[in-house]
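Just the one chain here, laid out as structure tokens, in the form predicted alone.
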């Protein structure tokens, strides 16, 4: 583990880094062992059948878990108790710093070897935290994409936007043609969505400086994104209602929400909420701030990590590598677990046919692969939950009030909450 990052976490007296933890692995990978894997991905037990069939000495049992915060809380409780933790854990990228700080996941840099070249830089950065340590292998990712109702665009004579300026003009034109229709909405309950948009603009909300954390939720790049959306909401051409509500779901289905800034896993959401509109949607790359310098952000995704309390680190790492790099496993992840594998060769190995909801768009995964070329890393910190909670509160008020100035002010509120929490937890914060 890079000394800088170790110093940051040690300063909080919250951990002894996994890089320095006692190696509890068995010396031989030939002995018969049983591993437990906590995951929330659907049908992961069927994916793992492929491993168990070819690895009789290392058998893996999948225990289905709730995702997000409940999964992390359950693991941390087991780690603190010293028993009950699994050998392998599916971990969202934004939760990895929290797990590292609690010494809940192991550094598998030695076991991982040269895996780095098999994954996008942004995904690899998420499991290494910019250090030499490796706290998991990227499993799936969520490059952002733009979904739109092609039939409504054609009827309104609107061109598919390639820039955010063109997106704003398209939003105005669509709403003017039919005041009940919106090209999109600003969602005050989806901080991960907004973080992906900020990443596209060049932001990284956390970072390491010497032996201190840095926090930049209200940096210039994020301010640009907030001001942009605040202006559209104030203008009234973009809706101000959160996503994933009954109202939003109905709008997708009845044609009043004619676009969605989502991610590669979006077809499942559309199929589940707007099945009757199948065949009317198309997908393309996210609009860019500068068409000559395209960039993208990530919304969602997770890694597969080996926990610090496993007694079979080598075998667990071997399984984790197989799950996320073996061609048969990648095919199963995509076709059986219905996730978008993070591996670079996922498109050629497994994603040869478009999702059913986009059956007529044969280049869906070609576009997704282009979207996945995320070159601007986004570093998460150990208190993502605090920042995201502050986002929900601050932007909920800003969106409801429909005043552009309140969007930038919301970032200042989140910044203060995030910095204050880090300091209260004993971390040193630069700036």
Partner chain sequence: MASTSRRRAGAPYLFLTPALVLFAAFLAAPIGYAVYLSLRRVRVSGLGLGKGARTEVWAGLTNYARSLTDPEFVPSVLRVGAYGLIVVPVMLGLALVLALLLDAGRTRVGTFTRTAIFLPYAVPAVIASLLWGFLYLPRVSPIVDVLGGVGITAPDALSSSWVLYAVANIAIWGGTGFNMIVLYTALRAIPTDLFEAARIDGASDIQIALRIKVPVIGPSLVMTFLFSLIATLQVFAEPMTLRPLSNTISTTWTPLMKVYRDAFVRNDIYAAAATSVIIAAATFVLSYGFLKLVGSRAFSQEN
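Keep in mind it's a predicted model, so treat the numbers as computed, not measured. Numbering follows the first chain given and starts at 1.
If you look for the form predicted together with the partner chain, you will not find it shown, but the lines that follow are about it.
> Have a look at 218-226, 162-170, 324-332, 74-82 and name the one stretch with heavy atoms inside 4.5 Å of the partner chain in the model of the complex.
Among the candidates, contact is made by 74-82.
> Among 254, 154, 360, 290, which has any heavy atom within 4.5 Å of the partner chain in the model of the complex?
Contact check passes for 254.
> Here the chain is shown alone; which of 48, 58, 367, 399 has a heavy atom within 4.5 Å of the partner chain in the model of the complex?
When the partner chain is considered in the model of the complex, the option within 4.5 Å is 399.
> Contact with the partner chain in the model of the complex for residue 283, defined as at least one heavy atom pair within 4.5 Å: yes or no?
Because no heavy atom of residue 283 falls inside 4.5 Å of the partner chain in the model of the complex, the answer is no.
> Does residue 346 reach the partner chain in the model of the complex, with heavy atoms at most 4.5 Å apart?
Answer no; every heavy atom of residue 346 is more than 4.5 Å from the partner chain in the model of the complex.
> Mark residue 93 yes when one of its heavy atoms lies within 4.5 Å of a heavy atom of the partner chain in the model of the complex, and no otherwise.
Taking the distances in the model of the complex, the answer for residue 93 is no, it never comes within 4.5 Å of the partner chain.
> Could you confirm whether residue 97 comes within 4.5 Å of the partner chain in the model of the complex, counting heavy atoms only?
Answer yes; at least one heavy atom of residue 97 falls within 4.5 Å of the partner chain in the model of the complex.
> Does the trio 126, 193 and 375 actually contact the partner chain in the model of the complex, every residue with a heavy atom within 4.5 Å?
Answer is no for this spot.
> Going through 140-178, which residues have a heavy atom within 4.5 Å of the partner chain in the model of the complex? Please give them in sequence order.
Not one residue comes within 4.5 Å of the partner.
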